[in-house]
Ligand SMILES: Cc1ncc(COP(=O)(O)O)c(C=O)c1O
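Only one chain is given next, in structure tokens, and it is the form predicted alone.
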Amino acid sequence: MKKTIKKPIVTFIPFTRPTIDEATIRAVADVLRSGWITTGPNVKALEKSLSEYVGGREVRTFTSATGALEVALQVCNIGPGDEVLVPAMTFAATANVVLRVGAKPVFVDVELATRNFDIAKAESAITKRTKAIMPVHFAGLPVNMDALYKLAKRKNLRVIEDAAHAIGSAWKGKRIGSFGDLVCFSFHPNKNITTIEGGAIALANADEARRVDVLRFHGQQRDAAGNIDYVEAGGKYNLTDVAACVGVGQLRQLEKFNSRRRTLAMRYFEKLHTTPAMLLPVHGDAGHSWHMFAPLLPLDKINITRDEFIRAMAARGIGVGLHYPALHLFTLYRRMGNKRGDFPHAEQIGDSTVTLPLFPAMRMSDVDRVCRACAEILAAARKR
């Protein structure tokens, strides 16, 4: 009889995966049994905990960071005829919300090393129509906050921080969201904590927080007796108690999650050595929350495309993401006159970036496996 040789089972490593503990799962079941599953006590509890986390500032939750960003623009009274500076390297939502309020997103190139807003280039893009700057703390690495807010103060501009990647990040020991103007977080499943889908705004101004309450729920106001009036054409972005219950459990573990992410990122720096070399992200300090680990492929030195690299990694049981294509080159923004060559750093990043697995449940051996796979694929594809 011919002997069958069993191949070892290779566990697939996704590029990200949320970590939800059993206590949170049980708490969600309790919410579902309670009969109160939409906005209620768990939303209040999450907003209170988030406020405490960012030093007591006003915090309001949303069904998404996208909704939070759009309402932040409305709170700043930004609309038709206005311009908002947006990095050319970010997720589409950052610019889309500017269009949705009737304003114009004006793209600014990013620094190649940090992937963050180039403050010097931002200043040169300011016109008399510019009303706000919307920086992104890319992959959890904070923008130079001193330079950002110095520029905003000098030019009398609002700042709406897209901190979708940056819950738990810090600038000079101060948590992102604990200072500054309006700061918007994401709790999507691939972020450092999740509410399944969701987001939040941290605000410095109590009056603006009250306006957020109106804008995120139909433009509705209630008086002390509970009588309803509608004062603005608001949207509907209120978080459910089920989602908030997940968030409460997640927030308790955020520091542990981020500590693990930093440890895994340091392992990448230690082990990810390829020939030809990938361009690694900036190392950062303890204030980097490491939402992602996204090196750049040396495409000019290998004879495979990025798509082929991603397929080769998948064949080895490793998921790779792509964060992000250059924003100004999407059809929507080409229609506005943007073209290749306008923002070289964003284009280089967009053409060659790959997002390697990074999430708290990863083992060191998983990182080592990813690093070995990268090294093997790039060595085999090296141009001779």
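What you are looking at is a predicted structure, and each value in this text was computed from that prediction instead of being measured. We number the residues from 1 along the sequence you see.
Missing here is the form predicted together with this ligand; even so, the following discussion is about that form.
Residue-level contacts in the predicted bound form: of V242, A152, A93, M145, one residue has a heavy atom within 4.5 Å of this ligand, and it is A93. Only one of 206-214, 234-242, 181-189, 274-282 places residue heavy atoms within 4.5 angstroms of this ligand in the predicted bound form, namely 181-189. Contact check for G168: no non-hydrogen atom falls within 4.5 Å of this ligand in the predicted bound form. At a distance threshold of 4.5 angstroms between non-hydrogen atoms, V98 is out of contact with this ligand in the predicted bound form. Within 4.5 Å of any heavy atom of this ligand in the predicted bound form lies no heavy atom of V110.
This ligand in the predicted bound form is approached by T66, whose closest heavy atom lies within 4.5 angstroms of it. In the predicted bound form, D162, A164, H165 are the residues of 144-177 with at least one heavy atom within 4.5 Å of this ligand, listed from first to last.
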